[in-house]
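Below are two forms of the same protein chain, given as structure tokens: structure 1, then structure 2.
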Structure 1
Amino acid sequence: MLIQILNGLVYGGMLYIVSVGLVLIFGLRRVVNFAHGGLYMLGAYIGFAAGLYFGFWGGLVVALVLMALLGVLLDYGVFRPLQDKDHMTTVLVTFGILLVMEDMVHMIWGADTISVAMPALFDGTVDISGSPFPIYRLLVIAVAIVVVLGLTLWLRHSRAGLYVRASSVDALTTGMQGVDTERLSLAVVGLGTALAGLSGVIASPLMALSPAMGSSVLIESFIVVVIGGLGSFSGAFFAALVIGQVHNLGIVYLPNVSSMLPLLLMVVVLILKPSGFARSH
């Protein structure tokens, strides 16, 4: 039981790191970024490819840097020119980017599933209430906690965080106060994609890489973002935790309907509270 709850935490933690990047980008650009799943996948592949030369941790660093750069490019080349257009337009462009990205990965690394070895430092298990539990999974939980704390501190208590929150609801007014919202959004979108990359790399020793891995994580992270209350960081955190538990305990206790549980949870939350867990920020 304890282990199953831990597993739920791992799952929720992974989901949170993917989703929070989505939230950041949604917050700042009001764009439901369909390419996000693709970024997660790309991050995993880059981490894998660079890992062949620099080892797992080196690969992680390379992936974070490249993904952040890619995010900056995405913001500069796509979101900024499209900022005055209808949001749906941008959503579609991100969908187009997803298609291109999947195809590129397919072209470079092939369609075969690739598995990534555990970093040696965390290979192995610890004993938790009599059962072995992979140390690496504990690391995933720790990373998620660090991301939560870091982001919360940054957003709630720093001036930049205030700017991000303000800019995410009204960029023009924020800009009028002397904030260079464009540079801000370069940074934030870069951070968001880097987080997508981070989650991809972190996930890679757990789950095999394939070009399709992005699409499957996309829907679940959308669910997290929506249940959390669009654009809400703390909401996404709670939503990811809840979904993680619901997902895992569902598999254990309600195996026949487990795949529907997150969907049903979303339906119930949205019907009771159309704006999601948190008041929408």
Structure 2
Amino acid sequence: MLIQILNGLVYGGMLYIVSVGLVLIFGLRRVVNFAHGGLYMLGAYIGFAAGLYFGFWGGLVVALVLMALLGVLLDYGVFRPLQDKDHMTTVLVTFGILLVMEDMVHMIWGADTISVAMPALFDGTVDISGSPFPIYRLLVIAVAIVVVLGLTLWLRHSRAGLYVRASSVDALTTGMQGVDTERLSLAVVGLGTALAGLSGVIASPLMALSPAMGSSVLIESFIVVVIGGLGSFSGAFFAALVIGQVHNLGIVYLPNVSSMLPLLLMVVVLILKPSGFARSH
């Protein structure tokens, strides 16, 4: 049972890293970014391609930098013009970007799945309760913890974090106080896309890469955001942990309906508490 819970934490941790990027972008730009799954996928492929020359960790750094730059370009060219548009326009444009990313990856790397080797330093197992558990999975949990703590410290104990929280609540009033909300949003969108890329890279040794991988994670990312409460960072954290456990335990004990469980949980939460797990930022 402990091993299953740890596996749930691994999946929940990866899901949190990609979902919190979605929360960051929505909080500052008020854009429902359906292209976010494509960013996760693209980060994984960039990390794989760069890793062929620079190793896994070098590929991770390259992916983070390129995804952050892509986020800046998307903010200039897409998210900023879309923030005052209706939701249907936003959904259509960002979903179109997702399809373009999938076609681009298909054209460059093909449709076949690609396996990524574990980094040598973490390619092994440890004994937990008499069962072997991959060291790399423990690393994924550790990375998720670092991201949680880093974002919490930044948002709660830095001036920039204060500006982000204030702007996500009321960008107009924050701007009237002298904060450059446009530059702030640019940086936050870059961070959000970099986190999507980070999640894709660290997930790549655990699952095969394919052009469709972004679409699958996109659905559960939105479930996390909805259950956690739109724009809530703490809510996204708790929702990701819950979804991770539901996903993993469902595969083990209820394999026939496991794919439906996160959706059913979302329905129950929306009925009982439409605002999600948390309202605060």
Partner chain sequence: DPIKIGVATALTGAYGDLGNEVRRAVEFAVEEVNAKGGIDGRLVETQFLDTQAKADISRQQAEKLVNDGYTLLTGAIASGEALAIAPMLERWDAVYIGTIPKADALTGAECSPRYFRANVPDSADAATVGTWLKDQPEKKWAIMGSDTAWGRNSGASFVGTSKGLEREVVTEGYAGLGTSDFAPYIQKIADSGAEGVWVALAGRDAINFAQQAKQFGLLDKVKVAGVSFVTDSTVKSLGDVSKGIFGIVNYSSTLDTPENKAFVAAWNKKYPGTWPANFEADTYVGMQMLFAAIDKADSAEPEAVAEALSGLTVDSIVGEVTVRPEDHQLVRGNFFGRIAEHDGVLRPVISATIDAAVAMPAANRDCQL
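Rigid core (definition): largest C-alpha set, two forms, superposition within 1.5 Å. Here the structure is a predicted model, which means the values were calculated and not measured. Residue 1 is the first residue of structure 1, and the numbers go on in sequence order from there.
As summarised for this chain, the second structure is the form predicted alone, and the first is not.
A displacement of 2 angstroms or greater separates the C-alpha positions of Gln83 between structures 1 and 2, with the rigid core held in common.
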